[in-house]
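There is one chain below, alone, in structure tokens, taken in the form predicted on its own.
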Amino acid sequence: MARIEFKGVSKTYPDGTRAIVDLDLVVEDGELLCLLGPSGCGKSSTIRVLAGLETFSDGMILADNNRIDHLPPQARDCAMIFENYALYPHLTAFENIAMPLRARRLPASEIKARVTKIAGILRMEHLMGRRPSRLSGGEKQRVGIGRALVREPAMFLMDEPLGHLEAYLRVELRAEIRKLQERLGITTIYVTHDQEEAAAIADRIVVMSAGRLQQVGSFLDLFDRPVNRFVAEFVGEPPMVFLPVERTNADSIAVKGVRIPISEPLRAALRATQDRELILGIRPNDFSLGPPVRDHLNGTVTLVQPQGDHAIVAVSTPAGPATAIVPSDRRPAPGATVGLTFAGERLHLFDSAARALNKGEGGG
């Protein structure tokens, strides 16, 4: 397999758009790494320059400590899967999978053995004689995965491979992709905008925005210890709530005059900065709702969304909108006035440059 390294890689399009900005990133041998971010953040451009499908402006790309950015795509030993299946409609599933091997002019016996092996791994032996018109969306994507795997590449690059499948198929196929990658040990970079998908399959997740790497880590690292406001807002559903705060002294804060208890690590981080334009971040499941109380942050319930055993509650407060997750049997009615309390040990603070004050402290 391969250890991939991006060193100072940048890509700027002719119109001036900076798709990738000074990317330093290592993908370990046999790792499944997800590139996560909104449309236009540079994640697809990153794997396209790795595959050699696009050039880049600065930097270098290495595989096992050898530069590969000067090599043509066919010499980089990587296989790609896109959201579009790109199957040949007149060929059977068997022949679609066999195409890369036929292009190499391998013996027919070896082609048959390798395609049969891949069909077994993907549990699709019974589909080998069918053409794409007789396959479901999930079956077509399995054929696409099989066609990439049959090459036995050193790198596996997947660009939104499950994007337009039905929800239940996405859940099923992402589990299969994870099991398959663990079994084969192929270094894999997986591009997605879906944080649930990234959390389900990745060893590590890279969050990108505007071409820049924001943070790398496990899903829990990103959720509990975001390094900036972008990561805090992008990772987690419903998104983190942000409220402006006032500093009441060197190590305490208030929201609209209501003192907010915070943890000792967060107080220490507060003492270390003179910044006064701070923003408080609270995950919706770190709020508690109760009767309105004097000297607490109170608000009016504007929307209640039952979600089974819990409900998502939108609250309008003097400091701004807030969202809380509460047990369904304790959800308030729309229009009710409620008091909000905070889990002090789980709060986040961001400075005027949107950087987390409490990064690395377990979320605060």
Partner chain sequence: MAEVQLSGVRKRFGLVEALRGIDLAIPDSAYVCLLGPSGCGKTTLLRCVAGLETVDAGQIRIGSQNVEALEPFARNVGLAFQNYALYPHLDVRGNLSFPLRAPRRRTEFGDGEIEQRVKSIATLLQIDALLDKPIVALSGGQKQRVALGRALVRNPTVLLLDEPVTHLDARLRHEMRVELKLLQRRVGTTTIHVTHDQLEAQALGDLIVVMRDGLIEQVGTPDELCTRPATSFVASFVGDPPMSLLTARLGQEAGVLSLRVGAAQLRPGERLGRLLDGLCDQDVEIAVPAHHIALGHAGDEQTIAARVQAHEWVGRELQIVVALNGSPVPVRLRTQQRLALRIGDEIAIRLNLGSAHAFDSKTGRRLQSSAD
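Not measured: the values here are computed from a predicted model. Positions refer to the first chain, counted from 1.
One more form of this protein should be noted, the form predicted in complex with its partner chain, which is absent from this view; the next part is about it.
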> If contact means any heavy atom within 4.5 Å, which of 206 to 214, 188 to 196, 260 to 268, 245 to 253 contacts its partner chain in the predicted bound form?
Replying inline: 188 to 196
> Is residue 154 close to its partner chain in the predicted bound form, meaning a heavy atom pair under 4.5 Å apart or at it?
Replying inline: no
> So in the predicted bound form, does residue 285 come within 4.5 Å of its partner chain, heavy atom to heavy atom?
Replying inline: yes
> Should residue 289 be counted as a contact of its partner chain in the predicted bound form, where contact means heavy atoms within 4.5 Å?
Replying inline: no
> Does residue 239 reach its partner chain in the predicted bound form if we count a contact as any heavy atom within 4.5 Å?
Replying inline: yes
>> Let me test this: is every residue among 170, 233 and 304 within 4.5 Å of its partner chain in the predicted bound form, going by heavy atom positions?
In response: yes
> Which residues from 308 to 322 come close to its partner chain in the predicted bound form, meaning a heavy atom within 4.5 Å?
Replying inline: 308, 309, 310, 312
